[in-house]
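Shown below, as structure tokens, is a lone chain in the form predicted on its own; questions about how it binds or moves come after it.
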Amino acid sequence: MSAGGGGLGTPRALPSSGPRALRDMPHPLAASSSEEAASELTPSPDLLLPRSFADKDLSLPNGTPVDTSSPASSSSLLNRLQLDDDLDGETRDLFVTVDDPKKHICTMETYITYRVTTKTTRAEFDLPEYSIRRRYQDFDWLRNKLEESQPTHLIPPLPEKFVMKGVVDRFSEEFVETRRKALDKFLKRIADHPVLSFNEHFNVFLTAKDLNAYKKQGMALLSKMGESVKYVTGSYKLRSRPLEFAAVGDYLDTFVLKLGTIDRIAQRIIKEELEYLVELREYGPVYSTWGGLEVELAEPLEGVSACIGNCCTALEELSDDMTEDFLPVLREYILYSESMKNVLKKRDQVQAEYEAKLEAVALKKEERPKMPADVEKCQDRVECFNADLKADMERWQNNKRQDFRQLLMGMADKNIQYYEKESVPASCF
């Protein structure tokens, strides 16, 4: 399950296929068994279709191939993707939605809670359906726990805690709805992940009536291990990051730079559209007033005034679509890229620890018949980190490609609709 969403122009992420190798690989940090690591990934600084993925045949989770050729229209593409999504729904066993935001006013604070509904057939859940209420800090707790317990995986980002740019009131209907969509997408991405969706903290988040008891628990063991790794590798400089992960880092830098530029331009466009909208609303009534003074010209003048009113409505809808649908997706992927960079840093720390242990062994004069157990364990952790990170990067690329394709097609359709509504009929003249 990926991002939720609905109609045309709404950035609804489709479920990603997920690499099979993730389930087939032995994981030293979790009791799983299998065979081989995920295939190699060499991303390129292209914004939407890195060469490493552009050459592959794309397919949805149900095995349906995705045609990358240009469709006859954006609507036909969206309908095809949505149909594939519906078909895939027959095979899923975990569905999560976030809706029904409510404002709570207490003596000490005012906050918003959201209803989280879960439907599942998994054996780990005692009931087939749950409905609980969570506030933003609960989602934040979940994400922190996932980072602690699944350090080798990419954790989806949360929307920023503080008021987003251009929004003054964090309790406004627009802000709350934008945050609800982001939180819904956050949970859907976790539920769609073959490892994160089975995490015990995710289960607790979806089912527990009260999270306070769980929040009081101390740091997870893996988090403490991570801190020890930082201590061990604090003074050790990594020899070199493998080329494939160096390429990922370069790609993310370029990707964030491009998204940042698009975000700034889009913000400026929206600002100019809103300023133009204010003037249009003042401009239209002038023709109505004029029509009252010129009886012979009353009908065409009223027609012009009505057309300007239509333009106001169309422009307002277009600006709302940009603000509510386009900008949040850009911001999500900027945050997603930062999350990926953090996982890369953790991977480098584990590799640095492994290299430091190898050097320590090499400095000892006595010969050893085999590699020390702690060094072998550290090597396993490096290999595990590499496999998980490559698998998640491929999953992220698949999601990104589908999200942006659908987003840009939807935005094109919205602009077409805007100019169709804005056109002035001949009767106005």
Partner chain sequence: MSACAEGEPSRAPIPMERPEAEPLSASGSCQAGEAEAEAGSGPAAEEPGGRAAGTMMEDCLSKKIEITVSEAEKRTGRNAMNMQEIYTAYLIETRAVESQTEGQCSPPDSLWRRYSEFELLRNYLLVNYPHIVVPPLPEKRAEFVWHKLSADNMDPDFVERRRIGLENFLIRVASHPIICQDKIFYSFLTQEGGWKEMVNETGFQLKAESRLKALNATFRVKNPDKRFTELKHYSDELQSVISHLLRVRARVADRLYGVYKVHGNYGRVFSEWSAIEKEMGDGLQSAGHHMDVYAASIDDILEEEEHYADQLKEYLFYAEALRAVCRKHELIQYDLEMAAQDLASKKQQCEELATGTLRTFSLKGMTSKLFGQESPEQREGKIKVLEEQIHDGEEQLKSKNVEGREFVKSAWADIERFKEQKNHDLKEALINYAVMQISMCKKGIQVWTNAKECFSKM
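Since we're looking at a predicted model, the values are computed, not measured. Between two forms, the rigid core is defined as the largest C-alpha subset superposing within 1.5 Å. Residue numbers count along the first chain shown, from 1.
The following text describes the form predicted in complex with its partner chain, which does not appear among the structures shown.
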| query | finding |
| --- | --- |
| Option from 280 to 288, 117 to 125, 355 to 363, 340 to 348 whose residues, in the predicted complex, bring a heavy atom within 4.5 Å of its partner chain | 280 to 288 |
| Distance check, residue 213 to its partner chain in the predicted complex, heavy atom within 4.5 Å | no |
| Exercise: residue 111 in contact with its partner chain in the predicted complex, heavy atom 4.5 Å | no |
| Proximity of residue 161 to its partner chain in the predicted complex, heavy atoms at 4.5 Å | no |
| 4.5 Å heavy atom contact, residue 141 to its partner chain in the predicted complex | no |
| Heavy atom within 4.5 Å of its partner chain in the predicted complex - the one residue of 335, 306, 208, 297 that qualifies | 297 |
| Option touching its partner chain, based on a heavy atom within 4.5 Å in the predicted complex, out of 310, 254, 199, 97 | 254 |
| Residues within 4.5 Å of its partner chain in the predicted complex, restricted to 387 to 405 and counted by heavy atom | 400, 401, 404, 405 |
| Rigid core fit then residue 243 CA moved by 2 Å or more between this form and the one not shown | yes |
